[in-house]
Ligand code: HEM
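Have a look below at one chain only, the form predicted on its own, in structure tokens format.
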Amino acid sequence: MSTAVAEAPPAVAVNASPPPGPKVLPGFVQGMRMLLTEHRMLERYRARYGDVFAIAVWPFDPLVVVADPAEVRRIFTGDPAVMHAGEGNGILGPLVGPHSVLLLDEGEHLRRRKLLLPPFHGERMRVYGDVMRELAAAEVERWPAGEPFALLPAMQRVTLRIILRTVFGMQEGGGMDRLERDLTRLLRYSNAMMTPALQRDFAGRGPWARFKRARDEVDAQLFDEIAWRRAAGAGGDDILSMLLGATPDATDAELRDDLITLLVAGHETTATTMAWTLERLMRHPEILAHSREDGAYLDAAVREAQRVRPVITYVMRQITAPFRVGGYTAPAGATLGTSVTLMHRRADLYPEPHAFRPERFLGSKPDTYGWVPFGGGVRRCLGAAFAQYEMRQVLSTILERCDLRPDDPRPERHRRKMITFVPARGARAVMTPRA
């Protein structure tokens, strides 16, 4: 491997030494600290070391945290042969599989991405609008009037059913209900991927064993569905039909990894974003009322919720050659972690960054390298447009049909769930139907 430093020198002076960081601790110890206090640690380290610093945290050693928009631009537009996002996402491998677009790099990633992208854009995407509104309305009908309940599991039900309808063309009942149940169980056990000490099978017991059993149950259903579709040979508007038509030579294992990636990525993060959006709106009644009346303002409120309560805290790139970042040189093999949390809290980009102000996003698009909930460059989330469209349909339907207030006026804290951060109490609310 070449030892040449990747890309042209940045404008700042280059230091041959690696980025600064806290005293080196065992990766597992640092990892546990991050699991428990990540947001506070990041703020503290930026105050001490600046916008670029390095930490050792399993499975990344080092993880170079980057919170400078100029450096983020260089990372997102960097050479794909140097910036391996697939390797940076390796922690997801046990769930999504080796053929997942999330784990691929360079030419193979671009090839697979081009096959998956068309259903998530343009008119093809909009044919799903009626399904989204129908399922959102049905979910609201289930909510208890006048009694506290958690919005996060409600949003998870809606987004999962939307994905099952749009990816598989499934109708409620039978196979859809079983797959919904087993996927929910799989995601519940996926925290076992986050801690190496848990990735052991204790005679068929423990978190890792439960995770593997849940994964096997979901896989069996996905392979059955693929086999049935291949045998039926019928086309359709759902995404699985389009994949089978576009990739007739794809193996069942490749299709399985595509499907689980779409099911997981298109469900969990979107559901959590909507739960955070409603959690923020309930604590700002005037913003909630404005969002109910104005779709563009609702879109801005969603973007602002993504800014102040990001679901994913990093956008990862594992570098295959030394790379200049922030005036330092990150070594080959390091992981560059664009910090969504720190970027979204920059006072120079967002005055009073902790305030919830949707007006920031009215009349203009978010800054490409300062607002990064979907990542960026050739690795930007391929379902970003689909997710934004889905959130508009679901949230507007909810706001039209009911009034929501928090069951506790105190804002909800973050709670880690696998690689995401969710409302600690599930975004608890009290609902009153609208006449």
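Quick note: we count residues from 1 along the sequence shown, nothing fancier. Just so it is clear, the structure is predicted and the values come from calculations on it, not from any experiment. Rigid core here is just the name for the largest C-alpha set that superposes within 1.5 Å across the two forms.
Not pictured, yet referred to below: the form predicted together with the ligand.
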- Item | Contact assignment for the ligand in the model of the complex, among Q156, T341, T261, S291, heavy atom within 4.5 Å | T261
- Of M41, V378, A70, C402, which residue is found within 4.5 angstroms of the ligand in the model of the complex when only non-hydrogen atoms are counted? V378
- Message: Within 4.5 angstroms, counting heavy atoms, which one of the listed stretches 143-151, 345-353, 96-104, 206-214 is next to the ligand in the model of the complex?
- Response: 96-104
- Task: Please run the contact check for T277 against the ligand in the model of the complex: heavy atoms, 4.5 angstroms, yes or no?
- Result: no
- Considering only heavy atoms, tell me if G78 and the ligand come within 4.5 Å of each other in the model of the complex. no
- V315 near the ligand in the model of the complex, any heavy atom under 4.5 Å? yes
- Item | 4.5 angstroms heavy atom contact with the ligand in the model of the complex for P373 | yes
- Any chance T270, L382 and M391 all have a heavy atom within 4.5 Å of the ligand in the model of the complex? yes
- Task: Residue by residue through 386-404, tell me which have a non-hydrogen atom within 4.5 angstroms of the ligand in the model of the complex.
- Result: F386, A387, M391
- Fitting the rigid core first, would the Cα of L243 be found 2 Å or more away between this form and the one not shown? yes
- Superposing on the rigid core, is the CA of M125 displaced by 2 Å or more between this form and the one not shown? yes
